[in-house]
Structures are given as C-alpha cells and as structure tokens.
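In the form predicted alone, a lone chain appears below as structure tokens.
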Amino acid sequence: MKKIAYQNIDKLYGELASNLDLYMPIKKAGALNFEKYENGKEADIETLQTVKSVKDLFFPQVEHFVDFKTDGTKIDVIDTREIRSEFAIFGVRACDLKSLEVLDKVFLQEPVDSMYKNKRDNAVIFTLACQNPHASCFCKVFDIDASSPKGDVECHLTNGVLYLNPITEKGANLVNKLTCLEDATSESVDLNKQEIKAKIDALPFSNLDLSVFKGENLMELFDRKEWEELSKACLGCGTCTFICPTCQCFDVRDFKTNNGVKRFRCWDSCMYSEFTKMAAENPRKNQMQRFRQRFMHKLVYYPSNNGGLYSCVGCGRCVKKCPQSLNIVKVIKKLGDK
C-alpha cells in the first residue's frame, strides 16, 4: 500500500498525466464530469458524484466510427474508430465500477463491440471509496461495497491522506512507477472502511426489498396496475437514461456530406416516443409502456438473462435528477409492497 498527503495531490495527478492520458472528475461551469486532466483544470475528488458516470469514457454519448466516401459509382469505406493506448481513470466510485460489469455483458459478448473492448482493455481504473455517501445512494441493495470499491487501484481519502492499494497487475505496474508516493500500512484504511459501512447502513434506501423482482414473477409484475399510477407524471424527457451508468441503448445515424456519408452511433432512450419506431408502428405506444419497459429491464429482464445481475447499481442519480421525482426507488417500494 502507498500513500500521499492530500495537500500534495497535484504531484500525483501531474506524474500520472506525464506517463499516460489521465481522466478524472473535472469541474467546469459548476458541473462535475470525467474529463482529461490538464494543468489549469479544476480536479475534484472530494465531491461524491459526477453528473454523468464513467460510462462516457467507454461508451461515449456520440461516437464516429466509419465514413463512406463516394466518387461516382465508387464507394470507399474508411474506418474512423479511435484506437486507444493505455490510459488511467482516477476517482471512480464503486457504483460506477459495477456499472461497467453490466455494460461488459452487453458489449463484450459475441459479436464483441471492438470500440468498447479497446477502451476496456487499455483502462487502468483508480477507484475511490465513498467517504460520505448521499441519502440518495442505495448501492448496498445490489451487493456493492462502497467502502471497498476494488478496481485496478483502490484509493481511500481519510484524515488528509490518500492511500492507494494496487489490486491488479496493471494497477501495481503503474503505481510502482510513481515516485511521489511513499509506503503505508493499512490501519487507517481498515478503520475508514468500518466508518463508511456504518454510514451506508444508516442510509434511508439501504434496505430496499428486491425479493419480488424475479424472472418467475415476470408476467405478474408486467401486469401490475401500479404502472399506470407510477408513470402518470412522466414527461418522457429521457434525463434518467442519460445520467444512468448502465443504460446502453443507442441509435446509428448517417449524415450526408458533399462527397459521402459519416456514420455515428449516439445514445438513445427507451423513454422517447420515437424509440424503436418502425414503419408499421411503435411497439410501445404510450408513456406507461415505455416507463414500464425501463424498470422491467433493469429489475427483471436483464437479471433474468445475466445470472441475477441487476441493471441498476444504486448510484441515486435518477433519484436526484428526475424533474418529476420519478425513479427506480419508488418503483421498488411500490411493487415490493405486494
């Protein structure tokens, strides 16, 4: 285990960034998101949560991956996929790390998504334990331990000191190159873990009951009358899907230029009326059906197809960001009452 005084943290950032591209929570215009670290940018690892999750670094909101150049009847296909070399991500919370496991089961199964795989293979992830979890957090419900987030290097910020514990070989290889660190023992980290666990146990949503959300209850849950009531105030704005670390829906769009076509993929949302719309009709015709699809997928469909792994990590972003105060916690509580 290694450590560095928090007052010297810029030395760590600078040394990491001199070895490889470093991404971390950066504050810009009052919002905190993962961006590339450069001198002059305001890095912030004390604030618990970024607006959007670390998903953005592996599955970007917009990704340009192929061009078609035309010259008369001749068409050239140009591969524009970005090929990443090794890079580091610092300050990833346990919930966001768990979200990558959900995305892996989508993008790394055959046929493997080469753009996503390239980024996953080359990322060195420095996680950070959640010193002061929010009341909106409920990661414990999904067996996520915010006091011990793992990753390639697990970090703890306590009593003015940042502790770094390499977990994987590539994490150890990178940490061992850093000259600004000194050796440390684990006593302070062990105590910090106990304090965090106690805080998590006291959170209001830490004991939500998921027992009803099983594959064998699929049709019973699908037909529950409460969906109508729960969805009544939904605006279909898609905010919940765009800040969710596990949502993976996307569309592919072509844009015509003077001499060809540019093809992008971009995030889409099951909450939109245009989502999966076909020439004949839309399979989900009203907002209740779209609302139900979102939460049935996270709590029933996905875990039924992926060994019990839920497509929610309890980060609480939707709890805080929905303009109508509709979120997965309300769904769990309402449907779990019966």
Partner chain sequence: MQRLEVAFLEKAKELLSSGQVNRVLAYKKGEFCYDVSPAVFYSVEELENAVYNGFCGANLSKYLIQESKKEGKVAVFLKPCDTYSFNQLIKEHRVNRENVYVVGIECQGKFSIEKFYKTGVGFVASVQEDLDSVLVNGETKIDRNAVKLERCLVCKKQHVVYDELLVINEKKDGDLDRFEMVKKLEAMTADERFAFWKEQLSKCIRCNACRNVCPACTCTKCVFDNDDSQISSKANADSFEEKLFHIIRAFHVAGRCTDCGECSRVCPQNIPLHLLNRKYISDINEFYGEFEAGKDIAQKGPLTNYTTGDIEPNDFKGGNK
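Numbering follows the first chain given and starts at 1. These figures come from a predicted structure and were not determined experimentally.
What comes next is about the form predicted in complex with the partner chain, which does not appear here.
Peer 1: Of these, 139 to 147, 164 to 172, 249 to 257, 182 to 190, which stretch puts a heavy atom within 4.5 angstroms of the partner chain in the predicted complex?
Peer 2: Of the options given, it is 249 to 257.
Peer 1: Please check if residue 152 has a heavy atom lying within 4.5 Å of any heavy atom of the partner chain in the predicted complex.
Peer 2: Heavy-atom contact with the partner chain at 4.5 Å: absent for residue 152.
Peer 1: Should residue 229 be classed as touching the partner chain in the predicted complex when contacts are defined as heavy atoms within 4.5 Å?
Peer 2: Contact check for residue 229: yes, within 4.5 Å of the partner chain in the predicted complex.
Peer 1: My question is simply whether residue 16 lines the interface with the partner chain in the predicted complex - judged by any non-hydrogen atom within 4.5 Å.
Peer 2: Close contact is absent here: in the predicted complex, residue 16 is far from the partner chain, nothing within 4.5 Å, heavy atoms only.
Peer 1: Could you confirm whether residue 243 comes within 4.5 Å of the partner chain in the predicted complex, counting heavy atoms only?
Peer 2: Yes.
Peer 1: Though the partner chain is not shown, can you say which of 237, 212, 157, 178 has a heavy atom within 4.5 Å of it in the predicted complex?
Peer 2: The residue in contact is 237.
Peer 1: Using a 4.5 Å heavy atom cutoff, which residues in 118 to 139 contact the partner chain in the predicted complex? It's fine if the answer is none.
Peer 2: Heavy-atom contacts to the partner chain in the predicted complex: 134, 135.
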